[in-house]
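To begin, one chain is listed below as structure tokens, in the form predicted alone.
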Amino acid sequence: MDEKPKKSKRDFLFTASYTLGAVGIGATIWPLIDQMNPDTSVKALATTEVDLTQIEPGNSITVLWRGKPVFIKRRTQSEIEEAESVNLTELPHPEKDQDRVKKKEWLVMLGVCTHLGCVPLSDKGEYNGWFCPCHGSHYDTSGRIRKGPAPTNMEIPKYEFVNNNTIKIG
């Protein structure tokens, strides 16, 4: 004959105690875990939308994103042609212009020299792009390093075109 084990008050008390203990530990640990999430001011800086309608061909603006300058340049047709015609074997850090832009007319990149983190000057230098006066790095119209101590091209942040007149960085 099959006898089923009898449930006792003691079994119920053990189960209830374990459950209550697990809930208590979870309620105690949750605030510690939740405080590691970024606060709303940090989340707000994660993306930046920029209106492009005020930028004339040949001009650029600088916006802040995550505390860093971002250069947005509306390139002229001659600047685009100059950037596309560069022989990649001449570049210390070879990268095609087409790989650095989403639309030929617009160049979006972090405005930080890759040598020591200075902010290069726009429309300066030997290649009509950017020049970092701190140590003499020259960048072309695509933000690629051409001359000087900088080891790599200026970084392209994650961005997308929301519409024809707006981009979202981040």
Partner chain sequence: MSEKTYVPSTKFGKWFNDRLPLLSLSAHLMEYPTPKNLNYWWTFGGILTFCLASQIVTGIVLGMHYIAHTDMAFNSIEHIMRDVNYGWLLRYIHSNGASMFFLAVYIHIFRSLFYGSYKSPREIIWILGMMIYLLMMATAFMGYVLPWGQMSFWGATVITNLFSAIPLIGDSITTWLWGGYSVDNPTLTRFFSLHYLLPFMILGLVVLHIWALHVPGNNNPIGIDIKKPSKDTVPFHPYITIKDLFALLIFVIIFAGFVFFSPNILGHPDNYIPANPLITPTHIVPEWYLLPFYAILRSVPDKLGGVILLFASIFILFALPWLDRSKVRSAIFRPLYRQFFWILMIDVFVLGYMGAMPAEGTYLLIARIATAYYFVHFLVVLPILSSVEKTEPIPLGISDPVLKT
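Positions refer to the first chain, counted from 1. Please read all numbers here as calculations on a predicted model, not as lab measurements.
Keep in mind that the form predicted together with the partner chain is missing from the display, and what follows is about it.
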Worksheet item: Do K68 and the partner chain share at least one heavy atom pair within 4.5 Å in the predicted bound form?
Response: yes
Discussion item. Check T53 for me: does it contact the partner chain in the predicted bound form (non-hydrogen atoms, 4.5 angstroms)?
Written reply: no
Worksheet item: Is there a heavy atom of N37 lying 4.5 Å or less from a heavy atom of the partner chain in the predicted bound form?
Response: yes
Practice prompt. Indicate whether G26 is a 4.5 Å heavy atom neighbour of the partner chain in the predicted bound form.
Written response: no
Worksheet item: Counting only heavy atoms, which residues in 87-125 are within 4.5 Å of the partner chain in the predicted bound form?
Response: T114, H115, L116, G117, C118, V119
